[in-house]
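Here we start with a single chain on its own, the form predicted on its own, put down as structure tokens.
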């Protein structure tokens, strides 16, 4: 016994941490899966239910098992497909903006022609240090429909009238995109700057000797060298965009109406506004499946499973 403990001491040290990690990571997921197959609502899920194994040792309420009913109802709801479509559109446009803006700033702060790059990098990451709810609230004030809103001040300076930013579907969608880009661009800048600093100088010097201009060096030397790290960062930030909740919730609750209701907000509203915990859980699990398929496809297509270099 003593010999077995000595041989497996490392495993024994890891097991407590692995147990608690699994408990905190997988229990909410498993419980959500369970709720998605029930008609759970506040009046039932928190009631004392059966004990023992079938009652999950007292964790189960008096909700009823309904099989795939919630999933059928969700997939038959036009609001779900509108929510899923606007979410994917949000992911595609926001990731494009974040990568483009992050690459532009990273090129700027790594250029030999820019002075004070160290201070500029410190300023660039400031949005990352602020609480998201604080930043989103500030941006909500920027897009205020009142005349004193900064966005309205800007359009009035261009000769246009004031805009009700959150009452028009696509104007509201644009405010989501701009705020999301502001929240996430520091991450893209940090990853891209690190990738740019790893581009071999020999390759750039050889391209210069061959007469390649800036654009040709960027397209044929820089982009291939930083492609994999930037792609990896884009996949991570795409996952963050897919699960975005705070921006539409704080701005206009996914409005006008429910036109811009991103998928997580849609599930939240079903669960906590309409008290349909089972349907809300089914929506969340459907979203997990979609984002899981996207992540697997992106990693496989980008050949990132073997690491980033």
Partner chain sequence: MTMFESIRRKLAGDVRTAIDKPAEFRADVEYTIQGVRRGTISPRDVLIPAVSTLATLAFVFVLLLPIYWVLMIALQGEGATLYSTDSAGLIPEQFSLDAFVWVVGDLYIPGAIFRIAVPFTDIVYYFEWPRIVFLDASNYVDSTSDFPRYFWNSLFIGVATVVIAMSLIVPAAYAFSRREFAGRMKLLYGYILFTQIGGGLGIAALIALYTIFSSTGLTNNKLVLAVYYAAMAVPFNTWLLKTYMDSIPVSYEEAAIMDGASPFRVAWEIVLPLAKPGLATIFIFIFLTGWMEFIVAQLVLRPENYTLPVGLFSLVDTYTVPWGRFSAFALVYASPIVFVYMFAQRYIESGLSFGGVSG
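Just so we're on the same page, rigid core means the largest C-alpha set that superposes within 1.5 Å between forms. The structure displayed is predicted, hence computed values, not measured ones. Numbering follows the first chain given and starts at 1.
Another form exists, predicted together with its partner chain; not displayed. Remarks below refer to it.
Site annotation in the predicted bound form: the residue of 88, 218, 101, 173 reaching within 4.5 Å of its partner chain with a heavy atom is 101.
Residues of just one listed stretch (103 to 111, 162 to 170, 204 to 212, 89 to 97) have heavy atoms within 4.5 Å of its partner chain in the predicted bound form: 103 to 111. Within 4.5 Å of some heavy atom of its partner chain in the predicted bound form lies at least one heavy atom of residue 142. Its partner chain in the predicted bound form comes within 4.5 Å of a heavy atom belonging to residue 253. In the predicted bound form, residue 133 approaches its partner chain with a heavy atom inside 4.5 Å. Taking the partner from elsewhere, residue 45 is found to have a heavy atom lying within 4.5 Å of its partner chain in the predicted bound form. In the predicted bound form, the residues of 267 to 292 lying within 4.5 Å of its partner chain by at least one heavy atom are, in order, 267, 268, 271, 272, 277, 280, 281, 284, 288. Superposed on the core, the two forms differ at residue 18: its CA moves 2 Å or more between this form and the one not shown.
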